[in-house]
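A single chain comes next, written as structure tokens; it is the form predicted alone.
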């Protein structure tokens, strides 16, 4: 048992250095004058917290929920039927088809973002097909690109739950007189709630904190929380960047607790 416990130490060290320590620095930079770059004085202050009432932050926070919410909703309505189809499919190659959904994730996200950016410009490769778009800076372009980026993160958790679901429960409901629609809404959908919650959160979080995508496809005019953090860091306002990051951490923690609430065994977490 002791030899097994020793194997945990590399993970604990990694966890401490890459997660705990940076998180402590973010909290300290939020509530004090401390930061690790060029200033080692320490004095508690709430000055950076005043930024949370700034219209810039409020606008970025609102935009993040707006685009992330719409993206998550669209991903759900597309992803659930796809996950349901693969889970119920008896094709022996269905695992391969599901694995193919991972292929786009293997490519660099910046490359995919630039590809969408070029497609949304008036002059692009799609001109060869007699099509032309001028969508840079528009909501529709950002949402389309976000959906393409984060759709797999909605599909996988739902598929994991549906694939493990006991089909005998559905058959029992049908034997008791329920229609196919009633069986879906009273048996399948409630039992897949854990996967839905996980998929929603795993889509919502990266969409909320995206910065390269809205910067490129939004034409630099649409600011999300990720963009705001980036801009404040390059301006040298580390305390404000830490404050915004702290807000994101609180949101992430709250949503993670929601996952645990519906998925106590963590089966749907990727």
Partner chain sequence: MKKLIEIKGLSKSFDDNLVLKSIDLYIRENEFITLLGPSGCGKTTLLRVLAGFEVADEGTVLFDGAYLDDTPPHQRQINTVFQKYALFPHLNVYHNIAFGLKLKKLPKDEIDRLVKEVLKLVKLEGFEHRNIKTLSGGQQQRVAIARAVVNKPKLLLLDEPLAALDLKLRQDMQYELKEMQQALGITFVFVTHDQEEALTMSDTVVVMRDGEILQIGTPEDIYNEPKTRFVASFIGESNIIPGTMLRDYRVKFEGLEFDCVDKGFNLNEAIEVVLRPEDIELKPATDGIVGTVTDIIFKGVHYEIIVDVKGKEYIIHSTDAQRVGDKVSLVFEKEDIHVMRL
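Positions refer to the first chain, counted from 1. Predicted model, so just to flag it, every value in this text is computed and none were measured.
Another form, the form predicted in complex with the partner chain, is not on view; read the next lines as being about it.
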property	result
Selected contact from 102, 78, 114, 191, since only one has a non-hydrogen atom within 4.5 angstroms of the partner chain in the predicted bound form	191
Proximity to the partner chain in the predicted bound form, single hit among 186, 88, 164, 94 (heavy atom within 4.5 Å)	186
The partner chain contact in the predicted bound form: residue 134, any heavy atom under 4.5 Å	no
Non-hydrogen atom contact residue 177 with the partner chain in the predicted bound form at 4.5 angstroms	yes
Heavy atom of residue 168 within 4.5 Å of the partner chain in the predicted bound form	yes
Any non-hydrogen atom of residue 124 within 4.5 angstroms of the partner chain in the predicted bound form	no
Among 150 to 158, 69 to 77, 104 to 112, 178 to 186, the region lying within 4.5 Å of the partner chain in the predicted bound form by heavy atom distance	178 to 186
Neighbours of the partner chain in the predicted bound form among 54 to 88 [non-hydrogen atom within 4.5 angstroms]	none
